[in-house]
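The data below hold one chain only, encoded as structure tokens and taken in the form predicted alone.
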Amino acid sequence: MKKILLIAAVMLCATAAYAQDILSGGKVSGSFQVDGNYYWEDKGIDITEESLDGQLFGAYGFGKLQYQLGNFTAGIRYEAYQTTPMSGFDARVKGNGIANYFATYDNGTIGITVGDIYDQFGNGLIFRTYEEWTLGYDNSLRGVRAIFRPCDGVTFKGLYGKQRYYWVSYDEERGLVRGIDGEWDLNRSINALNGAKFKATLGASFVSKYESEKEHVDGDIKYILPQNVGAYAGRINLGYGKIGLSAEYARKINDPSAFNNWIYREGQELLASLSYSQKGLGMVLQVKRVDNMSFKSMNTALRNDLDIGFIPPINYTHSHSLPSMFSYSTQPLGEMGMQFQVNYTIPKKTLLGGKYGTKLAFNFSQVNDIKRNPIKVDGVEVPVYEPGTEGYDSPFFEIGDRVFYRDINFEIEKKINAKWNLTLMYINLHYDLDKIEGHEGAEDVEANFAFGEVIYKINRKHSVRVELQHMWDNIGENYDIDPMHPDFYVKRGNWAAFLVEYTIAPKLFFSIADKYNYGNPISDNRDHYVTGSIGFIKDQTRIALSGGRQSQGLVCVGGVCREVPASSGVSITITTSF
């Protein structure tokens, strides 16, 4: 026994010495974040002891470590979620453990990764894995990925694995995901095109999921399911001088699921963009069509669970408190959208440009439903989305009458002098409360917003920022409400908001803000949402403490959203990296 212990000790010392030698030549980096929330009773916004149910404290955090030595990289991430129902996260995120680990070797020609993989093919239409901490979202792929670059400008990828599903074991439920992708940058591969004004990149992808279940039983109905569901996509990016054109088209075979009500229709998606840019002027036109493109690795999954593909949003993203209450959530089952944006800078030393120039921005974006026509089965017309059928017929170029979202905004930014900076913005918004938030039968939001921001630089380090906002809603104080659905009106009516922030660069800031829905049609909903914040920054560490009321709404990142309930309390966030 003593010999065994002696041998083990020698081996341990040798391993430690070898590891120290490896670490001495490598680079270690990482980041940590901790979020904590303490809630209290606030009857003014219906936060009671019953609704809190004794859950006063919620906390979650993560730690990432990464090691790199030459062509080798390895990393690990530990997560801990101790959430309360008020946080807005899905209850299934609760838990702790090592959520992510990987090891990669890449010498520039060949790259191999084993473990958890984040990647996307093209725009992500048929494959994108990513993590978004603010949403509690992670669909990473645990498996293996290989990358091969046979020559300059040509890249091939292949991957295989299972997606993360909260803390559910990888031996259970969801199917296998397999994919290949190829991309060719002509300008890098062809010597004659090196440095040419003409730019071209081509790409193509194929992804399939495999689920062992051959059928799904719902009451007396049995659905025969495809075990392999394939999707393919092709993309092109072209440029000539100041003009750019990109497009990607994807198609998916029939994929009956709980999300699409078990219909056997194939899916397709088109995303295209045309841009023009020169000094002082930029224009972008984007269009998108989505038809039955929910693509998940488990056919019973709902909400944002286990998405293999990604629906890119093309609408303007608002960061200000009032318009951000009405953020758009992309619709995988069907939408047709377009966005047109112009940015123009009035030149310096002109009548309207002044000493510093004046920045102007205009944006128009709109998303409609697609057109759906009933189909016939055995000569009999069946309802749209009838389970077990192809669901509907949808002419590719016809736009549905229903408008999900429309945003028209205009912004002026003017540096008046070395100390004063002014920003003004107007927004006209249409928002389908029924479709986007699931309030069936609720009236659409038709609102106008005015926003003004002034920044005053006291000196090189000290500055003050003041925001003023107002929202005019189509539903006024005397609107005849539906007493059966008070949840329709939580965000309705006129709002006013302000924010004052004092910054001592680069280390400290203070702010106080208030949102007041003084025009809500339900008098009990007319509440002030006052918040105060303080933040401290030193090197790579940031600590932010805030307290007050949080209004109900959606938190959206990249078109993916989660609903946040109203809350009252204090929160702290600590982040650091090295």
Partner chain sequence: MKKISVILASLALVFAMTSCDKLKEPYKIEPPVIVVDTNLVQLTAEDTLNFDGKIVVLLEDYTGVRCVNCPEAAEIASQLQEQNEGHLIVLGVHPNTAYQIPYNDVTDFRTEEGNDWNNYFNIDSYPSGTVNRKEAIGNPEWTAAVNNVIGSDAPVRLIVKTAYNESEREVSLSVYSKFLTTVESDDVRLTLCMMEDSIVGPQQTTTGVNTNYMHRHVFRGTVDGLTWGRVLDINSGSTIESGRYFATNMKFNVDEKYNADQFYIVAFITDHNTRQVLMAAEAKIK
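Residue numbers count along the first chain shown, from 1. In this text, all values refer to a predicted model and were calculated from it rather than measured experimentally.
Just so you know, the form predicted in complex with the partner chain exists too; it's not on screen, but the next bit is about it.
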Query raised in the report: Only one of 358 to 366, 189 to 197, 413 to 421, 253 to 261 gets a heavy atom within 4.5 Å of the partner chain in the predicted bound form; which is it?
Result: 253 to 261
Query raised in the report: Within 4.5 Å of the partner chain in the predicted bound form, do 150, 223 and 266 each have at least one heavy atom?
Result: yes
Report summary line: Contact with the partner chain in the predicted bound form, heavy atom within 4.5 Å, among 312, 354, 387, 244 goes to 387
Report task. Would you mind picking the one in 470, 485, 462, 214 that has a heavy atom within 4.5 Å of the partner chain in the predicted bound form? Result -> 214
Query raised in the report: Is residue 82 one of the residues lying within 4.5 Å of the partner chain in the predicted bound form, judged by heavy atom distances?
Result: no
Query raised in the report: Is residue 439 one of the residues lying within 4.5 Å of the partner chain in the predicted bound form, judged by heavy atom distances?
Result: no
**Report entry** 4.5 angstroms heavy atom contact with the partner chain in the predicted bound form for residue 123
**Finding:** no
Query - Partner proximity in the predicted bound form: residue 228 to the partner chain, non-hydrogen atom cutoff 4.5 Å - result: yes
